[in-house]
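Starting off, we have a lone chain in the form predicted on its own, written out as structure tokens.
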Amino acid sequence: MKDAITRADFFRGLIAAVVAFAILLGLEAVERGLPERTDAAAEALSVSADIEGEYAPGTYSASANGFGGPVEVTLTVGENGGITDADIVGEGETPDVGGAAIPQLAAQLLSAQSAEIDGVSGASLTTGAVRQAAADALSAAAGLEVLSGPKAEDGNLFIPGSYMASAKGFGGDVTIVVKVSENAIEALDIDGDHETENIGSFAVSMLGERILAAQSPNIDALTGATVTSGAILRALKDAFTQAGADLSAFPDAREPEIDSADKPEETLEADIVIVGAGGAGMTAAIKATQAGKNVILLEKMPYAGGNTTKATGGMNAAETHYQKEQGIQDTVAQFIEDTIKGGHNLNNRALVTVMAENSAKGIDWLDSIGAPLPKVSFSGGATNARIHSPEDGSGVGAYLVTAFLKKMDELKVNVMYDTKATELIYENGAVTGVMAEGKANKYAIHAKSVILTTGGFGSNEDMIVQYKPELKGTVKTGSPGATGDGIVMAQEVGAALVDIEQIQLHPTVEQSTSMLITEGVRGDGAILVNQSGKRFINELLTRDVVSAAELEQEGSYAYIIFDQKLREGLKATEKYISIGITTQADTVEELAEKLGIDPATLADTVTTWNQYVADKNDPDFGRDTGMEADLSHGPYYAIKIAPGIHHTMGGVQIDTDAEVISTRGRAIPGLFAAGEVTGGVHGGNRIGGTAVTDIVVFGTIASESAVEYCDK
């Protein structure tokens, strides 16, 4: 028996190697790293080997609902009981996402010889359908009955009662409890406490309402939160099956795509139109509304937040009351110099000066709207402790978005979601409004001034390749809405661009999930080690320097190492643990073994580092910040990380009043901009913590300037 198992493992490994080799040779990477199926891939998937296994020979098929409809999996079992071929058909899956993932998923089924496959990042709904269908097919191949549960009486949808089911989401299990009568969904409760705040959490609240309204599980996933959406819909279908429902009996409640030419146009009026409901846009909307202006805030996604939600570290600010209360010495002048040094002297000094000089006022304003940032620590590129974050160490972005949304609700700000601005209205040498398009209507929105806060282009592969082709295929950490729309619209009315080719890599990105590991982990004392178990860089140098150093290591990756004490002081780490991207062990040596690192080497690295912390001296790499606590409190944690695209420093040129500057060097009347849509603030590299400063300070300035322009 031992020989048989060894032989089976050998052939499984052989198939995996052949598949991987074929994919490397014959597949061209597309956006998000998903391959297109080629002849080489197809040939690899039909590899036939004398694999031993536990299934009855034959061909078995099953299907499950994916993103766009049924996904059918057909598995062929050879004479010796092993899976020798896997074919997947999912005609309704998105061609460049789920559809492009299908060859990889088929290859994984062959390699794993089971339905327990890793899946493909970014194609979670298709992955879930393939897993479910493959599991059902293999149950039949193993001679097991695929149980479908009880059946409702003829003419009824359900067996009345309450049913509970769970499915794995992004941050953990998503659990639903659904109450049904004979033919209706009466109530639905979704528990997704571990899902990402203001991304997955929106799916939890919004999909529940949509399911009840549609009386069907066949609804659209929430854009940008497909993992959580998929978990909710899988759990719901499981509960319905328990309730005796025939899943094919439910109506398709997905919203049909309406051709743009068929949408009626509506005319709206406002004092100020703000395009993009990220941090800068929400700041501007709150300020302008408080100034008494009629504001319309456009957002192309179904929820607010943009890239701000993805921010995890904090907000850089100098000479704040929190620094003074904690005895931290810092100056605006040093903040300016750190920012310009970090930006390789490409920054616009005037913009940096305005940002730094107003940073403490920004902290005070956040206090006033119920979003204090009292925890002060170090971030990469900072001379002094300057990055301000929530008391419990939560990610700053989701925390601020929650506060902004609460304030906007209080002020009754008019936010139009699922509405994309398509062009600026430009008349008589001035910007006088915005053309936009929603799901059912087009809009001509006339206004006295317009503020662009659409964010950068970190999720637009074409623009990334246009300005920095060497980054093609790199993992992206940003919001799916960050596609450079505002930059393009501004160019169309003559706006100048600055530093557009400056695209930042963040050094600590978990590659399979695109999860950004907050700079606060390193700022609170974590270290980076390579596969040899050795430190290789001052972990708190600027992001570009640390990223470059990682790419020089074996495999172009590293591990971030921290301990239990750091975990307890930084709430953000709980997310990494809950979604399963950390490796944990009671001792450093055990951790090393799990990572495939020599235990003695890693133990020596940590012991040496702890002594450096005690001495407040790092003779190896000169680190002198983030050394308040050592790594001596087990258990210990590691996350495998590598660089990912995080921020685009370039964009629309603005002056210190947030006026958009034309290619002729003059302000474009009526047009203002703030946040990542602009260039000049960060130069060639953004230091950690200044993006939040940028959105709060220049979101405020853009609002004040737009209000003043209206009053003229």
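Each residue number is its position in the shown sequence, starting from 1. Fair warning: this is a prediction, and the values are worked out from it, not measured in the lab.
A second form of this protein, the form predicted together with a small molecule, is not displayed here; the remarks below concern that form.
For the candidate spot formed by 342, 380 and 689, no residue has a non-hydrogen atom within 4.5 angstroms of the small molecule in the model of the complex.
The contact residue chosen from 176, 75, 641, 275 relative to the small molecule in the model of the complex is 275, the criterion being a non-hydrogen atom within 4.5 angstroms. Between the small molecule and the residues 529, 315, 110, 298, the one pair within 4.5 Å by heavy atoms in the model of the complex involves 298. Judged by heavy atoms within 4.5 Å of the small molecule in the model of the complex, the contact stretch among the candidates 260 to 268, 317 to 325, 230 to 238, 418 to 426 is 418 to 426. Contact check for residue 507: every heavy atom lies farther than 4.5 Å from the small molecule in the model of the complex. Taking the partner from the other structure, the small molecule in the model of the complex has no heavy atom within 4.5 Å of any heavy atom of residue 618. Under a 4.5 angstroms non-hydrogen atom cutoff, the small molecule in the model of the complex lacks residue 284 among its neighbouring residues. Interface residue remark: residue 489 is counted as part of the site for the small molecule in the model of the complex, having a heavy atom within 4.5 Å.
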